[in-house]
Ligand SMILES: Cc1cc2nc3c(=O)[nH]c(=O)nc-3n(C[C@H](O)[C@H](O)[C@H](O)COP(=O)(O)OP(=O)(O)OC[C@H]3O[C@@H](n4cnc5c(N)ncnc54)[C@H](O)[C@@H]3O)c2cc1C
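Just the one chain here, the form predicted alone, laid out as structure tokens.
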């Protein structure tokens, strides 16, 4: 069948299998090269290839320790299912990306990050151990002290160390399902960066950024910070049921939008409306966990907004020592070309943790671009600017980076490729991305 990531670009013909137990999985791995696939939410080609093996049937929760918050679950369990099961008991994910429709195995393979990286680091910092099936069907448990190389290369290794079967992760205790959100309008990039600097103690922070604004409005943003609300912070009528938050009515994009829907004019109008909405919003408010962490999850198949050709996400991190100059150069290039990025998010990162973790101390910018000639011609310029400022790229969002650019900006992947070769994995766990990037 034809497979793609969430961006629907690129697409590739391949075989898709969905084993129901580990014996069936081992038999499939014995047939030759394959790559694991969770919910298919990686944006590009990291979970597609000649043979993709879905973990959707390996989706049981196995054990939970209510004293430590440790959950043991299979790789196919989604983050949303974990929240549904444990938030009513007073537990939430320690780190979550911008969608809950991600499998546990996928979150580990990409070592995902969230709005709290500057405080808590990435997902791997809360993984106690992982069980990985190798090409021979053998299952190896690994942790920071047991098979440590396998553990550290699996965190962020994009599924190229084996098939993640199950893992033990630590959840965080919370008193309610509500978030105390503070909104700070920033008229330009300087004000946005000042706002981030002043909110470093906030557990969660991020900014919507207007990537089309230019001149003295370059980088104008709506900066948002958040904290888990305590029961005592809730209105009296909500304290008896602190985990009950309003259900969001889900919508679905029923068809592929025409390719011209997202253009500089429509994105400019959307950005102006979003900016004005941010100006009118109360400075501090209580909001449910779902709209705070997952604003797009209420629109199913929102990727169809970009049309049949799909979209690319460009996500880079620029280190702290050059972040201002680097971000201005990137935003200036986008504004100058008029490339339409419908979604643009800025976050602050803390220091790097895992061996292959994407974050480094600095700022990350994530932008979505429809697949068209204008966007494709812009991408190499954004790559160059990132490289010139000491930045690097997030492979969970990548769909078109060159092997040369990856090696130039992130030599850690050379050591990873060598480790795979030394351990007989290079020809066994293969994705379209690993072939494109010579991993």
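Residue numbers count along the first chain shown, from 1. Predicted model only: the values in this text are computed from it and were never measured.
A second form of this protein, the form predicted in complex with this ligand, is not displayed here; the remarks below concern that form.
Name the single residue among 164, 211, 207, 317 that comes within 4.5 Å of this ligand in the predicted complex, judging by heavy atoms.
Contact check passes for 164.
Between 177, 97, 121, 326, only one gets a heavy atom within 4.5 angstroms of this ligand in the predicted complex; which residue is that?
After the contact test, the surviving option is 97.
In the predicted complex, residue 130 touching this ligand (heavy atom, 4.5 Å):
Outside the cut-off, so no.
Residue 392: heavy atom within 4.5 Å of this ligand in the predicted complex?
Residue 392 lies outside the contact set for this ligand.
If we define contact as a non-hydrogen atom of the residue within 4.5 angstroms of the partner, is residue 386 a contact of this ligand in the predicted complex?
Contact with this ligand, no.
is_contact(residue 219, this ligand) in the predicted complex, heavy atom dist at most 4.5 Å:
Residue-level check for residue 219: no, no contact with this ligand.
Within 4.5 Å of this ligand in the predicted complex, counting heavy atoms only, one of 36 to 44, 369 to 377, 404 to 412, 60 to 68 shows up; tell me which.
Correct option: 36 to 44.
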